[in-house]
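Before any questions on how it binds or moves, here is one chain, the form predicted alone, in structure tokens.
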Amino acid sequence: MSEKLRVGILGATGMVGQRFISLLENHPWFEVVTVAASARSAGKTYEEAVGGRWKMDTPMPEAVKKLVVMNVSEVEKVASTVDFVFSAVDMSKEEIKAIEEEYAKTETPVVSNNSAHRWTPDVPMVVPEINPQHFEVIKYQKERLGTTRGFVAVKPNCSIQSYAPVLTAWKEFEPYEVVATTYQAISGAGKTFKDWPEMVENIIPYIGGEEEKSEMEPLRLWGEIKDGQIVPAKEPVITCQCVRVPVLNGHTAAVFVKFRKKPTKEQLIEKLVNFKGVPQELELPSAPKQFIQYMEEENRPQVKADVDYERGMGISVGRLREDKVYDFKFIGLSHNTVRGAAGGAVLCAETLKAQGYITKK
């Protein structure tokens, strides 16, 4: 019997589910033993259920092709086969909230890519380099759910990954006002150019719900635990516009920042390149060795050249310069379906395992 933890993927046939499958191939700690999706996919092999909709650049891993897809709604049955699950289900927010808590109540930890529980006060929403201490709220959540090992943990929205880590690295200079515009890839909507041809040579200046998430979720990352729940920070105040652009993978952000304590450009760059957290200290399997790279070239970071930095788990920053209205401005780039989605959730699960929250059943 493998010593690896047995993993289930909820919503395994969708784009994020596929990304989980590809990232977990040959993972040193985790092994995908169960794939679950909607009733219409249940009973088919994973290969049959996905059919011609495999959207990853790499081939479908052999180990999952013949796994028979289970019905994600048969919670007890799915949960009995695994130590924990990753959730990428495609349902309404209320349905997702309910089913993730249902899995947690079977004493199965849930690490979710979904937004449904991001504002549940006792659910940690974590970027492991930024706020791993928020996992401490799990004990209060378990009391509410009546569980001993089951809980829900989530990762934040993909749109904030290209600037929230940067602002965290600069915390000591007290950023207090931020303007950001994100230029977001179509894979963030679960699409490719083949199934979204109207995005070719096009820009859409609206992504539903994205601006609110981009403005508010960083404040929750920087919040603190009080009375068994996470209370968001009040600053920096962030205003954001989110634009869909004709790029397959990679969210770029153009960001302006005001600081209370005036740093130099050199100080800011030094903080970026030396910024690290628990994943780097523990050398977790998915952790980038260098979380943030600073690029001196005037025309970088670029999606084509830089989106796969550190296997898609690192952040690229460039064009840092003083501004006439704000103090500084910069460009950030992150991989939206790796660091911003499945990869960020895998890193959360690795951190949870390293800290003893996820164990064998």
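One-based numbering along the sequence shown. Everything numeric here is computed off the predicted structure, so don't read it as measured data.
What comes next is about the form predicted in complex with a small molecule, which is not displayed.
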Contact residue in the model of the complex, from L284, M91, I225, V247 (heavy atom within 4.5 Å of the small molecule): M91
Options 141 to 149, 106 to 114, 171 to 179, 269 to 277; stretch whose heavy atom lies within 4.5 Å of the small molecule in the model of the complex: 106 to 114
Within 4.5 Å of the small molecule in the model of the complex, all of S162, K265 and G318 (non-hydrogen atom): no
Partner contact for M15 in the model of the complex: the small molecule, 4.5 angstroms, heavy atom: yes
Contact test in the model of the complex: T34 vs the small molecule, heavy atoms, 4.5 Å: no
Residue contact check: G343 to the small molecule in the model of the complex, 4.5 Å heavy atom: no
Distance check, P236 to the small molecule in the model of the complex, heavy atom within 4.5 Å: no
